[in-house]
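Consider the single chain below, provided in structure tokens and representing the form predicted alone.
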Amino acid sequence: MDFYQGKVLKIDLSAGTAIVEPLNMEWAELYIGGKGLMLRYLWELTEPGLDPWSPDNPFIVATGPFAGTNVSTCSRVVIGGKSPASGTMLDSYMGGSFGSILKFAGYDMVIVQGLAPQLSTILIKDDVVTLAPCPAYTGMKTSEIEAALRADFDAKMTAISIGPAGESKLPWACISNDQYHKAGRGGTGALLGSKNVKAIAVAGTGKVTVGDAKAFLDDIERMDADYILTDDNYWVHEEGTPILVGITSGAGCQPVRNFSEGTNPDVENIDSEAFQKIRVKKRACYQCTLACRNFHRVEGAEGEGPEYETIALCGANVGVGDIDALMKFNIECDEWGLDTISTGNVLGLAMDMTEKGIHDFGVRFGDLDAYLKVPEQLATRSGIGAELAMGAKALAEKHGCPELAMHSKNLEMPGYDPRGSFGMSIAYASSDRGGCHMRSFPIGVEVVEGSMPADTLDSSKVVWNIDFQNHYAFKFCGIWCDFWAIDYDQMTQLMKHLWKRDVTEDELKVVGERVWNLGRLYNLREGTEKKDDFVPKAMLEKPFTTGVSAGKVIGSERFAKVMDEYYATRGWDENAVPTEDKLRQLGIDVRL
């Protein structure tokens, strides 16, 4: 079978069994791989209303069809399930080598359910699957567990693993691969930790067949030259996401001190130029020509990153402009296994509550000593970490200040405040996994390019967001990296090899829309309603006082109107539910 291995590895931890099932190729035809195929399996595997912490909640690792080939960026995987953080569908993406090696071992997907009787590691070596108790790995950080697995299992293995935060089931614990690659959002690490699994290690000796290998490789070589190794993508290699630090602050949309302002007074200390001064080398994901990874060194610490989101949330949002402290904080989060977006968001909230006299957590904006202790406290639920582990929404509600929590669908907001980019309000509110910038990114046209005004909210922003969401839904089926700005035309040039025929852009758009609507159906089935499509009131009604976005207000009434327009344009009814006509048009094979 070309591209697909045709096999799904299903592991029942409670029963202690591992079986191989054929990949459902009818679903693969409709949903391709990655996000789409994972979602279709998730729908089938979870009963409506399932508690995300239930052993029955599946932990799904899905590859895209091009994993294990030379297509740049496609060694990535999606980690899926029902989010323990938000209760919505969960899809979180991770670079590194795991996707390709899993395909070499013979599998397109791994599904883990049940509960191991003690902390264990799943070991996969081609067709040999073992559940190995690993009490000695208890409390190991991410770099330690990978080193231990290479020594104990296979020197050539790769693994996805959790740090102590996953063991303690912190709702925003993340998954690691090759130490620095993270599936960060939505609690992937908490989900694996809830199953008493420390890691899934894989070593594979097989291969992936691609049909006409010469024609396929010729197209890859041509596309690398035409679309990846170009001047347009040079920023990815030369600067990476820190390039956004100066841009977002200058546009007044960078979260500062718990999203109270959008312009960072310390921006020059932690912008791209500052990080280039401490960069010591570049790195790349497995089989990727972009090489976007930056390895930095400061006194007493070295490692990959931080990326823009960490700089914004764990820097500006908590009042930290010290690049050494920020580097060390990022490394600590990586080692303990924390999503830095939620960490910086919740910490900024705690600092804000402390300074407003609502509750004294002993942390204040810019207090470096207290700041650097927080990753360990969160991961181990010790000190203030025991309470901060509630997450932004629950923490703020407990102390009577829900208006200070910056989240949507109980997922903490990332580093782009819609008061400086109005289109982001639609992107956040309509996102299928909550506060997320990886479904639609109006920042690109409103701030980076400036091709659309940043302070308008109208029909053009509705259509733009929908088109982007459909595009990215398909992109995440193939699991192309966000840093390759691949368009439909380029994707058709690769999909023709998968489908063995010429492919049209419209076909891909239909698949993307199908996947987006399936995600909506899943969330509706699990209790998400129209009222949950929101952004915090402060982002709609409370203007900034500094920077270029000072005084600009979206307004709750205008926002509500444009969201109703979003639903209608999507073909959803007045309750924001996809209509029967829309589902039939898209060929979606499930119903509420």
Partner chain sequence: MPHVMISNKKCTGCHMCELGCSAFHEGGFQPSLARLFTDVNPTTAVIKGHSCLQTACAKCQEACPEDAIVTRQITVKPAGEFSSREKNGDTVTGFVLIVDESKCTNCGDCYEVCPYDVIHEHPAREVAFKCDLCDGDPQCIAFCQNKYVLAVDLKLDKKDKELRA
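Everything quoted here is computed from the prediction, not taken from an experiment. Residue numbers count along the first chain shown, from 1.
Form predicted together with the partner chain: not shown, discussed below.
*Are Ser440, Gln469 and Leu521 jointly within 4.5 Å of the partner chain in the predicted bound form, each by at least one heavy atom?*
Not a single listed residue reaches the partner chain in the predicted bound form, so no.
*Would you check, heavy atoms only and a 4.5 Å threshold, whether Gly68 touches the partner chain in the predicted bound form?*
The answer is yes: Gly68 has a heavy atom within 4.5 Å of the partner chain.
*Does Trp499 reach the partner chain in the predicted bound form, with heavy atoms at most 4.5 Å apart?*
No.
*Does Val320 reach the partner chain in the predicted bound form if we count a contact as any heavy atom within 4.5 Å?*
Close contact is absent here: in the predicted bound form, Val320 is far from the partner chain, nothing within 4.5 Å, heavy atoms only.
*Flag Lys277 as yes or no: does it have a non-hydrogen atom within 4.5 angstroms of any non-hydrogen atom of the partner chain in the predicted bound form?*
Judged by the heavy-atom cut-off of 4.5 Å, Lys277 is well away from the partner chain in the predicted bound form.
_Please tell me which of Asp178, Glu309, Glu376, Glu387 lies within 4.5 Å of the partner chain in the predicted bound form, judged by heavy atoms._
Of the listed residues, the single hit is Asp178.
*Find the only residue in Ala325, Leu457, Cys288, Leu119 having a heavy atom within 4.5 Å of the partner chain in the predicted bound form.*
The residue from Ala325, Leu457, Cys288, Leu119 that makes the contact is Cys288.
*Using a 4.5 Å heavy atom cut-off, indicate which stretch of 376 to 384, 359 to 367, 140 to 148, 460 to 468 touches the partner chain in the predicted bound form.*
So the stretch in question is 140 to 148.
_Given a 4.5 Å distance limit between heavy atoms, list every residue of 214 to 228 close to the partner chain in the predicted bound form, or none if there are none._
Result: Lys214, Phe216, Leu217, Ile220, Glu221, Asp224.
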